[in-house]
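Heads up, the chain below is alone and in the form predicted on its own; it's given as structure tokens.
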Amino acid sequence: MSSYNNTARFSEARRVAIFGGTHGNEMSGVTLVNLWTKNGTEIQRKGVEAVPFITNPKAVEKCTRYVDTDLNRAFTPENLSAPGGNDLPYEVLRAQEINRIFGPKGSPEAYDVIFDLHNTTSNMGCTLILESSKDHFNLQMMNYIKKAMAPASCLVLMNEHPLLKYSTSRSVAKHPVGLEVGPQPQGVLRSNIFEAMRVILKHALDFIELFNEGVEFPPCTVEVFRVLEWIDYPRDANGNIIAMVHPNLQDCDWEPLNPGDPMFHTFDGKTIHYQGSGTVYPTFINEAAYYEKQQAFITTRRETLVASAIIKA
């Protein structure tokens, strides 16, 4: 990226990958990638090589989130540089292979854009995931998608938290884009969720084509939800969960949670209230996959980011 007169200039986005099956039981991405692998007409754009790719085929085959370890946390420098061998977890070996194909991560040879398709069991709707507030290319793309989806909602979750940010599959690319669409149970396809994901990818690829053709995108503002902290379920001294997400909070992703609002409901009928210092916006509420991670939901703060004008270098 270079900057000239407050306009950011980026190289053409010629190589694009679409990842499905990073978690093998999130069926919208798996199904779309399999569909596009057989017939990629829908994702073809002028001057763009769009590659559909099943990231975790063993987990897809078993319809499970992962085999040995979470692939979407495996792209750390330590894992990517670990000496190869059969004693490494399957997902670490797979991360190394993906890094060879689509990276290397952080290099000029890495793919321009990777879309990583996910489903959530929580009531998040259509959510784009941004990994850097300084990625003006992605900010402009997300603004384009949000406007194209209107009046339907498409929100942006931004994770720059130094302790909560994790090494995603998509982080191999210069411009990583996560996509969460829900609610959808694990191992299940729902037509409305499937179609919403498909439409978002259409608009994203349209944006890339327009950018490559030389369209200049003027400065814009993008509302995002910045990750603040993960909240765990209440537990006893042995680490066992002793409460559920409160009915007033369940399915209320992105709605304000104020100090004193009900947060958890204990098995013996008591209400546990939110004790934070100000209003937050929770999401990933009661996500099935996060029980093992000891996470009941994530809190966010609503912010507005300013994206520079962008044009092809």
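From a predicted model like this one, the values you see are computed outputs, not experimental measurements. Quick note: we count residues from 1 along the sequence shown, nothing fancier.
This protein has a second form, the form predicted together with a further copy of the same chain, left out of what is shown; the following refers to that one.
Student: Pick from Val188, Ile101, Leu228, Ala148: which residue has any heavy atom within 4.5 angstroms of a further copy of the same chain in the model of the complex?
Tutor: Residue within 4.5 Å of the partner: Val188.
Student: a further copy of the same chain isn't shown here, but in the model of the complex which of Ser81, Ser107, Asn240, Ser153 has a heavy atom within 4.5 Å of it?
Tutor: Looking at Ser81, Ser107, Asn240, Ser153 one by one, just Asn240 meets the 4.5 Å heavy-atom criterion.
Student: Just one of 52-60, 272-280, 254-262, 31-39 has heavy atoms within 4.5 Å of a further copy of the same chain in the model of the complex; which?
Tutor: This holds for exactly one stretch, 31-39.
Student: Is there any non-hydrogen atom of Val245 lying within 4.5 Å of a further copy of the same chain in the model of the complex?
Tutor: So Val245 counts as contacting a further copy of the same chain.
Student: I'd like to know whether Phe211 contacts a further copy of the same chain in the model of the complex, with contact meaning heavy atoms within 4.5 angstroms.
Tutor: Answer no; every heavy atom of Phe211 is more than 4.5 Å from a further copy of the same chain in the model of the complex.
Student: Is Tyr144 close enough to touch a further copy of the same chain in the model of the complex, meaning at least one heavy atom pair within 4.5 Å?
Tutor: Although a further copy of the same chain is absent here, Tyr144 would stay clear of it in the model of the complex, with no heavy atoms inside 4.5 Å.
Student: Flag Asn159 as yes or no: does it have a non-hydrogen atom within 4.5 angstroms of any non-hydrogen atom of a further copy of the same chain in the model of the complex?
Tutor: Asn159 lies outside the contact set for a further copy of the same chain.
Student: In sequence order, which positions of 113-131 have a non-hydrogen atom within 4.5 Å of a further copy of the same chain in the model of the complex?
Tutor: Read in sequence order, the lone residue that approaches a further copy of the same chain (within 4.5 Å, in the model of the complex) is Thr121.
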